[in-house]
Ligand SMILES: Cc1cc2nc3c(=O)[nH]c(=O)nc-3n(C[C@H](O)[C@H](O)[C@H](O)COP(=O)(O)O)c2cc1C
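Let's start with one chain on its own, the form predicted on its own, as structure tokens.
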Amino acid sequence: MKTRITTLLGIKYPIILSGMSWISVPKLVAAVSEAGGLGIIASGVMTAEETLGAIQETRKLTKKPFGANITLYFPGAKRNAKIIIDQKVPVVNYALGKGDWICKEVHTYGGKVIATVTTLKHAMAAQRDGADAVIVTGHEAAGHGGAVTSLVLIPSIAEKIDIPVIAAGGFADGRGLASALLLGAEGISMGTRFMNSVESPVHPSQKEVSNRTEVYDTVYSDKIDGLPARMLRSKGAKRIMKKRLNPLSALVRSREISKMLGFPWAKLFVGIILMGPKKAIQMARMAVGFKAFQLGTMEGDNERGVLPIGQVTGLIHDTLPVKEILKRIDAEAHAAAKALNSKIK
């Protein structure tokens, strides 16, 4: 299979691993790259030392192209970006911020840049800033998907920009890949499908949950980590969504964030003060979300934590090795294309 994305990134399949905090770690990243896709390290909740270590470990596990992401909204993002750029990671993915400086520095060493967006406005901004492609994330996605469904969002953006579009949100099989290509995308990015794989570090019980969860069993709210996000409908998610927060709690919880990210607490404290009450509450929710995500993904705790999971989990019924997932999707996509050809004459 050959698309603008396979050519751009030097990969066999136009399939990308979403950069998921705590999940997109070297073992899973390398497995996706080795199987012919593109693995992306999630550096968002990593300290500087952890980011460097993840890059070095991934390089030991694969010689194939791989990437690393930068969530510009998170404290310490520029510090991690510097490490990623200094290490000349082949593909850099950024989200939730302006990435013109990233594009400039990554292109200096010959790397490629992919921006993650949820709106046409941000896709066009990424193109102006020099991004080589965009991941367009629809409403169905786990985590921070957009307000518009992929079926509508993908073609609405693909027809308005010149750089390649990678579709995200609602994709887990060959039918989805074939559909994404028909909608104008050049590939797909998958989170939930790779989360539920043999190489994924997610707690085994959550993979079992994914296999039996229906398409209806998720919630979408900005009450988890301060940004609209999709999670498994669980006791933990319901409890956190009901929780009332105030600006003072942001200051208290800022210690938790600074410790996790290895970021100076005093600097984060001052930053929260200057943000004002509304942004401070958002930071408080981010701290709550960080802890909840970790409990849900790593410990399998749906009472205190939450599991970011897309609606597409309702189409997933098995936990497979990454290599088998990619081969199956490729075969299904070709079968879907033949089926379509037989219907359109």
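Start at 1 with the first residue shown and count on from there. Being a predicted model, the structure only gives us computed values, none of them experimental.
This next part talks about the form predicted together with this ligand, which is not shown.
Within 4.5 Å of any heavy atom of this ligand in the model of the complex lies no heavy atom of residue 210.
At a distance threshold of 4.5 angstroms between non-hydrogen atoms, residue 67 is out of contact with this ligand in the model of the complex.
At a distance threshold of 4.5 angstroms between non-hydrogen atoms, residue 333 is out of contact with this ligand in the model of the complex. A residue is said to contact a partner when one of its heavy atoms sits within 4.5 Å of a partner heavy atom; residue 312 meets this definition for this ligand in the model of the complex.
Heavy atoms within 4.5 Å of this ligand in the model of the complex map, among the stretches 102-110, 121-129, 213-221, 162-170, onto 162-170 alone. A single residue from the set 185, 89, 195, 115 has any heavy atom within 4.5 angstroms of this ligand in the model of the complex; that residue is 195. Checking 133, 81, 177, 142 for any heavy atom within 4.5 Å of this ligand in the model of the complex turns up a single hit: 142. Residues 189, 190, 191, 192, 195 are the ones in 186-214 with at least one heavy atom within 4.5 Å of this ligand in the model of the complex, listed in sequence order.
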